[in-house]
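Structure 1 and structure 2 below are the same protein chain in two forms, each given by itself as structure tokens.
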Structure 1
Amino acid sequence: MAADAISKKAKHHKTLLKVVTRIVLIAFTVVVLFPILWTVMTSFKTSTEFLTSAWTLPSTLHVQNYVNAWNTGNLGANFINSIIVTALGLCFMLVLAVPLAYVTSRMKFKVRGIVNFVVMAGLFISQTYIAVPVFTMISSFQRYLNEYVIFQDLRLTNNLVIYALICAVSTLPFTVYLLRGYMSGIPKDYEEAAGIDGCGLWATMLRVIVPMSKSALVTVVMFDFMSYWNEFPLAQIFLTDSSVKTLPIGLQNLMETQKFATDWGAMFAGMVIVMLPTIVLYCIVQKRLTQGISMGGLKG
């Protein structure tokens, strides 16, 4: 009888814990989703509807807000620039991070500890701390190159390729940290088998380690995509020409313009345009993202 009572009490506590956990998760979901849903709802309102009541549903779907944000607010050009920067940044990141993570996680060499220390130290350096020094260095280097005739038209600032490379380097420590933790858990047997088949270091990395690290790669691509897509401080310093501005800078300009023009609908439509690619990508890779984070945590 006593054992049954203890068992019932344990089940009761377990059920109560599940209920409390679900209530907390539901509350957290509401807190996270409500601002997003409210922004989407407001993006279809007219300025009059927004000023009359910010919490009511729009009477009609005022799609013209998106047209105004895209054309009048110049978000169309900013959107293309952001796609270019994000795509180039991800390419640079993979080219730099995958070999570095592979070498530091699978090989033993004299300066391995120093390399790992430098990478870990980079985790504690914020982009905003080094933005001005890096800009000064690049500007000085550009002036030096412009003294030569062959490089007179070279521009290192207001250059999407250079800016994408800077973004990739700024996320390199975090990316290498995640990949290294995952790659270090892959058994050595696979590399030994590849060596017997005649694969060198590059072939082993590309044909064995990289395919087995797909979940981790999806994770870092997702995190870095969000970082490059939403990056603001570096873009504000390195991209001052209107023709190369990215979405975060374009959204800031749109908000300043439409706030004084009282076109609140276009301003919220611009916010939705910025958020939408990240939300769509997350929905597509959600399962692999969760798997990569959990496996990286276990193996790291």
Structure 2
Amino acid sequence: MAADAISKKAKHHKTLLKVVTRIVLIAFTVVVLFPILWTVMTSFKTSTEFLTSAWTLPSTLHVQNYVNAWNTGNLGANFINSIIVTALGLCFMLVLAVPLAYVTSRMKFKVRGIVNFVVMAGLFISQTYIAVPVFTMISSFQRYLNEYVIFQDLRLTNNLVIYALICAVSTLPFTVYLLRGYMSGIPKDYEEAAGIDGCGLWATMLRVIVPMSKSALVTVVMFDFMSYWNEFPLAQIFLTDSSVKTLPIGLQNLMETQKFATDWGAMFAGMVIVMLPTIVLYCIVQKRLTQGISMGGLKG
């Protein structure tokens, strides 16, 4: 009887604990989601509706905000630039990082230790520190080239290809770090078997090890996609012509002009436009993404 009462009490205690836990978690869910839902809701309001109250739902879906942001706010052009930069950046990144990670994780050679050390040091160097010198270096190189007739019109700054390349190179340390951690876990036997089968070095890397590292590759592509799509400090200095600006810069400009033009709706629509691709990607891959993080974090 007594034992029964105790277990009943413990059970009661447990359900109470569960309820409290749920309340805390739901409260934080609201803190996370509410600002975003508020943004989406506001992006469909007319300016008058926006000025009346922060709480009321829009009476109609005022899609004009999106049209304004896309056309007058120039986000349409910025969107295309962001796609170009992200796609190019990912290509450059794969071409550079995969061979480097492969060789440094699976082959032995004299300077491997130094190479690893130098690349890992890059984890401490972020674009925020070096964006100004990078820009200065490239613009003085451009000035130097422009003195020659054949390179007269060459533009290196405000150049999306160069910008994408710099983005790719600056994510190299983190990417190589993640890939190497994964690749070094694959048994050595595969190379030996491939060698016996007459596979060359390139074929061994591209046809044997790369397909086996698919999950690590998907992880780095996701991380780097977000880092190129969202990159700000370098773009702010490097992409100043309106024709080459990317979405983060476009959004910041929109916010600055909005202070005077007071087209609130367009700015909220702009935020949704920048968020949307990452939200879609996140919905597709979120499980892999959160696993990827534990992969990178625990190897530390």
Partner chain sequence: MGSGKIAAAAPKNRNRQRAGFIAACTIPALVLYAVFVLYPTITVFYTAFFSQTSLGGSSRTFVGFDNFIGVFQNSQFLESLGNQFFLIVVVTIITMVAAMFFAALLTQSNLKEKPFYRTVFFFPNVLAIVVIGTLFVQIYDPTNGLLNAIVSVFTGSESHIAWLGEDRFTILWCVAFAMVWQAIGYYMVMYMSGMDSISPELYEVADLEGMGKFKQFFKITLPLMWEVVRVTLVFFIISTINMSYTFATVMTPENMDVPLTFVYKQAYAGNNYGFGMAATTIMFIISFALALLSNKLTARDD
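Owing to the predicted nature of the structure, the values given are computational and were not obtained by experimental measurement. C-alpha atoms forming the largest set that superposes within 1.5 Å between two forms make up the rigid core. One-based numbering along structure 1's sequence throughout.
Matching the description of the form predicted on its own is structure 1; structure 2 comes from elsewhere. When two forms of a protein are overlaid on their rigid core, residues whose CA moves 2 Å or more are considered shifted, and Ser243 is not one of them between the two structures. After superposition on the rigid core, the Cα atom of Glu231 is displaced by less than 2 Å between the two structures. Once the core of the two forms is superposed, the Cα of Leu16 has moved 8.7 Å between the two structures. Core-aligned Cα shift between the two structures at Ala27: this is 4.9 Å.
Aligning the rigid core between the two structures leaves the CA of Glu49 offset by 2.4 Å.
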